[in-house]
Structure formats: structure tokens, C-alpha cells
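One chain follows as C-alpha cells, the form predicted on its own.
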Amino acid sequence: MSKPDIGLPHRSPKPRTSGRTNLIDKGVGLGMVSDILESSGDYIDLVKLGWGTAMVDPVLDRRIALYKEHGIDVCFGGTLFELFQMKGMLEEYASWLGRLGIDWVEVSDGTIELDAAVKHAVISRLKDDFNVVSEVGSKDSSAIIAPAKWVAAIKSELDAGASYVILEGRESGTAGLYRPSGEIRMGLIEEILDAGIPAESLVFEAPTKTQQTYMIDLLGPEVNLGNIGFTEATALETLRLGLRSDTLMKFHGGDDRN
């Protein structure tokens, strides 16, 4: 049955290049995956199989096939890439992804130290076979990286061939873009955007509602958001559309920012 037209904000249809919602799957049962996709599949663009869960998942092939049946991209966690890279097994990693039919790969250095030139070379090597998402920012909550270094890294990784650059926030929302308390580093985000980097090329990790609301208020419903909890896609979509008190007045209250 059709729903009343109440003037919701525009949302790009799938397959989307902006306004993407990226979930994290920590290894939930396939029954739960099916249930979530039935109710929220239209709002999910990519699912990251967190960390190295792909190495211990007994139903990995079926999990990937289920997501692909619903038009949802799949990638493995950046930590798993870092492990293969550290062991000098990049080609084995790429070959494995290819055999699994995975089209997306995350290139990160949040745990290991990876020279910028090496990271750029890896992105350049993988971009012909995969959609590459690179990640900038440390998983160490005590690490403070100057905004200028964030900007330089983002620009250079996009130049190397990354389709998107993820801005680190961890699944806890307490590192990278955020202070250990979860407080948003607003000045950092503003400097990144003021540097002329297209927002549609960035994925902001934002696991908490406060962080999601801030990003939507700043950049609108078409902001790319990552590290979203597995059951939170519909809740996030209501934030994007002003169907939750946190964003209702922004999109439906005559705010001149719209």
C-alpha cells in the first residue's frame, strides 16, 4: 500500500554512489542476516565482514551469496588486509577475494605501519581488479594526527585510485574522528571539508546516533556513513529522512539550511 507523500528529502536509489550506508557484520547467524535484509535491505549498500571474521566463518560462501542476492556489496575488514600485507601475501589475498566473487577491498594501516608510498602502490595495484576503499586515521584512541596530515593522506589515496576514503572512527566511535570519550573532533572534519575534498568521496565512520546526526546535519541525507551497527540501517534511514526527532526540524521545520 502506498504511503502518504509528506515531502521527505531526496535519497538516491540503489546502486548508490552517495548516501551509502555501510554496515559491519561481526559474524551473525544467516537467519538474522536474512531477516535484516528482508526489512532493511533497501537501505544497505555495503557490508564489511569485520576484522578477520572471514577467516573463521564456516558459512562464508553462503553469507557472501546472500548479500549479493540483495544487491549489497561485501568487503573484508581492513585488519585482515593488514595481516596479509604484513605477511607479504597481497597477491594471495587478491586471488582469494577474486575466487569469492568479492568486488570491494579495504586498504588500511590503522594497526600496522605502512609507508605512504607502499600504500599508494597497493591501491594502484588493486584498483584495476576491485573497488578500493582506503582508510585514514589510527585505531589508537590516544593517537592525534594533525588535520594537515589527514588532508594530505586523503588526497594522495584518492589520486592513487581509491574509490572512497574511509575516515577512521572504530566500531566504538572513540578514535580517529572522535576523542576517546566519543566527542566529535569538529575542527578536524571542518578542515578536511575546507580542503576541497568532495564529501561524496569520503565515508565517515559513525557508529553512534550522536555521530550520525552530526554528519547528517552537516552534510545532508546523502552523506556516506560507515561502521553502522548491523541492526541499525532502518534507524539510520529515519535520521536521513527527518523521521526522528534528532533531524525532524532540520528537514521539515523550514530551516533555511535546506
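Quick caveat: nothing in here was measured; it's all calculated off a predicted structure. Residue indices: 1-based, along the sequence shown.
Not pictured, yet referred to below: the form predicted together with a further copy of the same chain.
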Counting only heavy atoms and a 4.5 Å cut-off, does a further copy of the same chain in the model of the complex sit next to every one of Thr53, Arg170 and Ala235? yes
Among the candidates Ala143, Ala152, Ala116, Ile112, the residue which, in the model of the complex, approaches a further copy of the same chain to within 4.5 Å (heavy atoms): Ile112
Can you work out which of Met32, Ala65, Leu218, Ala199 has a heavy atom no more than 4.5 Å from a further copy of the same chain in the model of the complex? Met32
Heavy atoms, 4.5 Å, a further copy of the same chain in the model of the complex: which of 218 to 226, 200 to 208, 185 to 193, 57 to 65 makes the cut? Say which one. 57 to 65
I'd like to know if Thr79 sits close to a further copy of the same chain in the model of the complex, meaning any non-hydrogen atom pair within 4.5 angstroms. yes
Indicate whether a further copy of the same chain has at least one heavy atom within 4.5 Å of a heavy atom of Glu38 in the model of the complex. yes
I'd like to know whether His120 contacts a further copy of the same chain in the model of the complex, with contact meaning heavy atoms within 4.5 angstroms. no
a further copy of the same chain contact at Gly88 in the model of the complex, heavy atom, 4.5 Å: yes
